[in-house]
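Just one chain is shown here, as structure tokens, and it is the form predicted alone.
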Amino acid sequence: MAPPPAPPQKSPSPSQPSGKSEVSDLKLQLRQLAGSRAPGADDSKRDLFKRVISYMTVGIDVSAAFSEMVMCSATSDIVLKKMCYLYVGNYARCHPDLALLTINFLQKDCHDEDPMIRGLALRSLCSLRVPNLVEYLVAPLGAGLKDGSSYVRMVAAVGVLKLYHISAATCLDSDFPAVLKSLMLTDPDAQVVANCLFVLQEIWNLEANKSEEASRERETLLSKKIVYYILNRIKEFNEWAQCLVLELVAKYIPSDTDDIFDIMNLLEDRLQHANGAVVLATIKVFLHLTMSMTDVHQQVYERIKAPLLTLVGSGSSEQSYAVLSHLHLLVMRAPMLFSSDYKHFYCQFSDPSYVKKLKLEMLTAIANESNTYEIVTELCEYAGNVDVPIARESIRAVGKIALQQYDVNAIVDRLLQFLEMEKDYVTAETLVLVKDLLRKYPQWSHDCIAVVGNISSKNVQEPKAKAALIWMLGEYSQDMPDAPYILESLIENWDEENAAEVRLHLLTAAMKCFFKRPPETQKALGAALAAGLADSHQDVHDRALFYYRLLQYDVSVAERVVNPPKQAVSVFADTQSSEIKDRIFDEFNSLSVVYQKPSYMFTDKEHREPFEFSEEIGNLSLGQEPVGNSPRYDESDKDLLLSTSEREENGGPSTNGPAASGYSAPTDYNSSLVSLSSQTQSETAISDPGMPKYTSQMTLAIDDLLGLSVSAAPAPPSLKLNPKAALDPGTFQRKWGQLAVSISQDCSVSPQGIAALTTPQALIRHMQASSIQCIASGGQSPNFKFFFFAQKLDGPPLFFLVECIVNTSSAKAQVKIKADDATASEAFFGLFQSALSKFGVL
């Protein structure tokens, strides 16, 4: 039997060395070719140089061949020169000691006959960025600024800025800024002028805070002489240089109106430039120059419409979006001027979703009495779009137009027709809009409620839509025969409702319906209050407790608080203040317009979004206090784990009592509502002796009326934590990787807690008082990250693991909980949230 064929030899990749000796072989071959003038030597050098550059590009260290590369640079082949300069510039920064080897041949090349080699050598010399070689840069730069070739002068101008960043003192002492200023005003080459202007702006902007002379020099760049000189040559510049000049002119303060019109006449043809950046920069100049001239400013808007609309229709989608963002800003400032051009903002089939969304916002802004019908008709066509987000946005746009009081009758009819489309997302968005419309136009309640009453609550799943439907059930329960019974069915499924927003609306709607139709809603309200008091969400629990105590105090007062006579909403709050909009307008032709927020909101650290943390906790610092040691407690700290009834039995101080420093709602529904109400009664009597008092008989009457007896709502088992729990970091990390997230929710942190969170240790000590230990912490203001753990006291040793990210700017904490027993997560989350809410308060 023949032996199997040998596997074919895999040839080494031309861009990867086949062994450790590859670099050594390169060095040897380069050394052999150094100084060789034999025919074909340059071709051999090219092949070797290409291999060296390819290795360097993929991250292989070939710095060992530095001296050989420098020796081979003695050639007149410009391609070899370029590759050698690229190699030298890359490794000179990492190996400053080797950079000294390059000085001689770079200085020699700076005097080469070929201006291309002179320019490349000067650029490479300035790119070494080695501080101890600064003295070798001054003479070549001085010669380069006076060179006969415009390319060399252009490179030398930028080289001055590189020298400034290496050694500002050397640059200023050599008087290079004065040379650049003279060159800017006399050089015949437009690119040299642009480079000089750019470098001078950079240097004087950085130096202005250090000396008054630099500040004066910066102001001279905005003098009439310089501005007009550059404007008269603007047609000679390339697009980048034109944008640079226009940015400078936008900062110029004209002396009189004639000055303004002269500049606008010089720049008139720039509005028809093919480059969008030039057009936007020119528009910024026009807008800023005419800010104090109302009539002329309006004429500028009329003049710039055509160039902007032309740019929107030409070019890529990305360019269209950038131009549309600026148009959107102008539309928001002067919607009437664009009302006749609404068809330019109709969505095209080929438009990407981000462009369509921006166009919908602009159609909403420019809608008025003359074009509302056409715009709403177009928007209604988008409601059936296959792109669901755009369909949602179009429905919202119709609602916003209706809220602007334009042809309300027809728009309300269109919105109600959306409810007949039997699409979940259409129904959801329409319900939210109908709610807002009823708040502004109560007179439309009869028509709207007649249609909304036919919608089954089971077909509405989105939280905002369900909350809107529940609001209408409570607000107009007297006009909807089935309102109490729909609310009752929703309350029966309380535990299945995950959104706290819906549960909050259920509580309020049940209260409103109770005051309008008491017999039919009595049972539902009692069930809602019982479920709310047992809810783990702090806001839901507190609202239920507030309603219950309000009913205990006086039913008529409760009705005036919960269901007062309402006035129609005239104006809805704007998402952005006028100050922010003006700030964005001042930053026209920048990313601020695209992001629709001022630059400080995405450049300053304190305004950025919360940063992302790694799931690994190895890079976080361990808590300074020993995890294994039992934390210190005092009497009040232990009471945090007790229910109201347990506190009374133990005779301990109650956090709801008059001696408490602040109000703290009970975290679970263990105690009877009778004992809870008696505690509230004593609070009321002590806090305001003049208020009417109610007795325990009144409390029992309310409980009996609403069906709130102790047996009506069985109390969930109380959760107690082990104050001496211990867990090593390795076990914590292993558990964290294995367990699934059982709860992920945001919590509010009190202002006192934010003020107290100067270091992570402050919160660590506070949580230890509630038997919640910290195993790792990290971050700095405004973002802190903590990993906590706790152990169940009774039964098997079950652990709860917590990731808590606190943002001091938003006063919010993002909480993720993983547990050995996921069924106990809700109870633990209640304890954790209660402890967090008391941080800085107790």
Partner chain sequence: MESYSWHARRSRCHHLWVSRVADVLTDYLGGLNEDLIKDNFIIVYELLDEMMDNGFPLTTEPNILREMITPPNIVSKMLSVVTGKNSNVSTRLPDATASCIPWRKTNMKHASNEVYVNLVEEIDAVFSRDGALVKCEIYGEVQVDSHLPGLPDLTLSFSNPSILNDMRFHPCVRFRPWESDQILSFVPPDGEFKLMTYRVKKLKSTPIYVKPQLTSDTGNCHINVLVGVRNDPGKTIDSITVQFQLPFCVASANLTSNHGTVNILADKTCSWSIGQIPKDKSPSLSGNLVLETGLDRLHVFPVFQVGFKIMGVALSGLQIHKLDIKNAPSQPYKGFRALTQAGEYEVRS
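Source: prediction; values computed, not measured. Numbering follows the first chain given and starts at 1.
Below, we refer to the form predicted in complex with its partner chain, which is not included among the displayed structures.
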property	result
Residue (of K357, K82, K516, R549) lying close to its partner chain in the model of the complex, criterion heavy atoms within 4.5 Å	K82
Listed residue (D256, E422, E496, D295) with a non-hydrogen atom within 4.5 angstroms of its partner chain in the model of the complex	E422
In the model of the complex, segment of 591-599, 363-371, 550-558, 130-138 with a heavy atom within 4.5 Å of its partner chain	591-599
In the model of the complex, Y382 touching its partner chain (heavy atom, 4.5 Å)	yes
Non-hydrogen atom contact F105 with its partner chain in the model of the complex at 4.5 angstroms	no
Close approach of T170 to its partner chain in the model of the complex, 4.5 Å, heavy atom	no
4.5 Å heavy atom contact, R123 to its partner chain in the model of the complex	yes
Its partner chain in the model of the complex - contacting residues of 343-360, heavy atom within 4.5 Å	K343, H344, Y346, C347, Q348, F349, S350
